[in-house]
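In what follows, one protein chain appears twice in different forms, each by itself as structure tokens: structure 1 and structure 2.
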Structure 1
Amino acid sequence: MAANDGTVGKALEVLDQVAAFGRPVRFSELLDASPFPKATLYRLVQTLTKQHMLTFDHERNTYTPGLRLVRLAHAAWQQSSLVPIARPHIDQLAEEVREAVHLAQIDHGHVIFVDKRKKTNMFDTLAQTGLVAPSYCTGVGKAILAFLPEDRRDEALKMQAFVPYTPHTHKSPDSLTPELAEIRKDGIAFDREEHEQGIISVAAPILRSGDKVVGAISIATSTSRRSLDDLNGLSPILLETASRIASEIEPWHFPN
């Protein structure tokens, strides 16, 4: 992935590492997973800890991502241009369809769930705010990928590992590409238990000025509640919502 912006870049790389472990990590584990020499990594980790970007557990000698991140992320989330605009709409959608509704954006090739609403009492799907999901096997991910300009799509796909979460998961870009063309045509993407067994979703991109994708929304449910056809029946209202959100986006920018 290249592009190493000096010390800051390295520090962030370490942060990513720690986050990726998903559990408290020892210095030595980090060292193995890291391209940096011992002393360098040591000082990076020290600095990050002193800065509360990492939390150090004295008893277990392990590191976890620090609370300062939560603080900073709140600001990021609150200021996101998309979230506040979409909020009332996904809220209403969740109310109408009585299923979980997700809002996602893409960043750095990662699909990030930035908001969710659910008005049902069923068990929580695993998606939560801030969760990162793979793009190639989620509804929102594919919806966004499909409408990304070609270069950015390639870039996003290149940094994917194509983990076979379920038997339905795409195994390589080759099988994915035709589906993306399909999605581009229909304006609708499906997740057919590709990320989690028993979980399906319909997703629609949010297109600014008709073609620039800035995010996606999806309705997710379990196969025990609804069939895929059934879910497909919700496409119109999903599309309607997506376009309503899009229409409220100011003529300004959108990074992505």
Structure 2
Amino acid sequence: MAANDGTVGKALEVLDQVAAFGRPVRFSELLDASPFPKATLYRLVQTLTKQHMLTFDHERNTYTPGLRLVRLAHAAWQQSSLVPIARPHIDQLAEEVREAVHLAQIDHGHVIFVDKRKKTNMFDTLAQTGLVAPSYCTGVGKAILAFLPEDRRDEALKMQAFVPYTPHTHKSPDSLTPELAEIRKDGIAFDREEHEQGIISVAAPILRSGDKVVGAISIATSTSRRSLDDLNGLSPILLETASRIASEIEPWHFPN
């Protein structure tokens, strides 16, 4: 969060911080991880609590995201998320391929997994609904990056940390950029155990007219179940699903 975003920016940073804990959090824990002085943080937390953006548990002295955030999240889900339109299509895809199907969008250079459907309990992936993940080492992330306008793609690449999660992870834009060019040509992307050892995926962008990318879908599986060649064989049905989603989005005033 930029320092010149003022009070609103600071308040949003506190909300992000509370959410990142993934559990009820004490003020002292927030203070230990906060860039703000104690008095500033206390004032922000109190304001957010009064506005029902945070909920305070008086018995445990802990804070959690408030119900007002739930209402706002629901509104965002309905108006800005691909999920309501894409859900029937990714449900059908998951049923047909019997693997995990992910739906993702991009925000500030990172992908947000907005939905996940799977019809098997034989394996699972790190990607869960609501999870934020890097773009440079996920199938959906690379599929989206490849179809961003050049200026937005360059900006997104600057936001990547290039942490080597596995031996297969891209370590710099120098190796990733040529692959993005191939993805633009082929229309599909692969995660070759780049984010999670033993997990691979094939992904396709969801494109509006003019090749404007609004998200991506992927079929993910374990290397103990399928190979990359197997996933490549599923690319036609994946591309068909992405196309059906895109055709339904076309008349919708979806935020770019």
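Quick caveat, the model's predicted, so the values are computed rather than measured. Superpose the two forms; the largest set of C-alphas matching within 1.5 Å is the rigid core. All residue numbers here follow the sequence of structure 1, with the first residue given the number 1.
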Just flag whichever of structures 1 and 2 is the form predicted together with the DNA.
1
Just checking, between the two structures and with the core aligned, does residue 227 shift 2 Å or more at the CA?
no
CA of residue 241, rigid core aligned, shift of 2 Å or more between the two structures
no
Core-aligned CA shift between the two structures for residue 57 (Å):
8.7
What Cα shift, in Å, does residue 12 show between the two structures once the core is superposed?
2.4
